[in-house]
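Next up: just one chain, as structure tokens, the form predicted alone.
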């Protein structure tokens, strides 16, 4: 059964058939929530097939930017989770209109048309911190200085949601792990694939650090926020593994401990459009009682099992 108040049992999720949603939706259903997903299925994915047997699951094919559709679908919902997004700097730079209209304007519209009584939980990216100070962990009080269009749209969406109130924002570390709507382009997922298939990778900015979190812990932290909403609301929370503030070189070393024939070297050219080079403190979310369950090594081994099934399981974000 639902572990928080009975009035918070109906959830509306945009982009629920995406990488994160395809893991989150089954978990919410298993906890007793009624879940309505709005997704355009632009990648032709069938990642929610396993949910169709559940009468508490509803799916609508449509665009999260359509105000009339969104108004109708949220009318009886208690919780709103806007997952729909163009994720990552490269795809946002290639599609600036979609990036702005989906990542930012659709969320601002959701804020405008929703009731203040409806709870909103939103994912943000901790790449919004931009370039961190060497040796200084980014906390939720650190200034947000996004560099890319992707980072700017996500920070603007968070600002709108938290400004409305009755909301939580989760500033996610770089996500890794297996999903029914798989993405190979995320850093850990990509490096493990290359280690398994090419046995080698060429790095740029190898000493740049960032934080990491498993996709199942992302789904778990949203459930955690729902269960403890009143004590957590109206704040942002960094969500990552405390023992995984790693450089790309350190990440490759972790992969090589599992795949010993993996070779990696550095190149003098290439750069991250988000300039991500920071360490992150996850103390605030840990203080609420949340503890990640899935380690980086677990994710590496899981990804290896996934990729051994072949390219049929591999998709990317455009």
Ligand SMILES: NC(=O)c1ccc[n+]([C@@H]2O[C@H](COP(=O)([O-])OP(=O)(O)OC[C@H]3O[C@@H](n4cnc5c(N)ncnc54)[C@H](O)[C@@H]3O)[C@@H](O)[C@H]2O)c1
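Remember, it's a predicted structure, so these values are computed and weren't measured experimentally. Positions refer to the first chain, counted from 1.
In what follows, reference is made to the form predicted together with the named molecule, a form of this protein that is not presented.
- A residue is said to contact a partner when one of its heavy atoms sits within 4.5 Å of a partner heavy atom; residue 19 meets this definition for the named molecule in the predicted bound form.
- Within 4.5 Å of any heavy atom of the named molecule in the predicted bound form lies no heavy atom of residue 277.
- Under a 4.5 angstroms non-hydrogen atom cutoff, the named molecule in the predicted bound form has residue 154 among its neighbouring residues.
- The closest heavy atom approach of residue 150 to the named molecule in the predicted bound form falls within 4.5 Å.
- Checking 112 to 120, 168 to 176, 138 to 146, 197 to 205 against the named molecule in the predicted bound form, the stretch whose residues place heavy atoms within 4.5 Å of it is 168 to 176.
- Comment: the named molecule is not present in this chain, but in the predicted bound form one of 224, 181, 248, 77 has a heavy atom within 4.5 Å of it, namely 181.
- Interface residue among 89, 99, 186, 219 relative to the named molecule in the predicted bound form, by the heavy atom within 4.5 Å criterion: 186.
- Contact annotation for 61 to 77: residues with any non-hydrogen atom within 4.5 angstroms of the named molecule in the predicted bound form are 62, 63, 64, 65, listed in sequence order.
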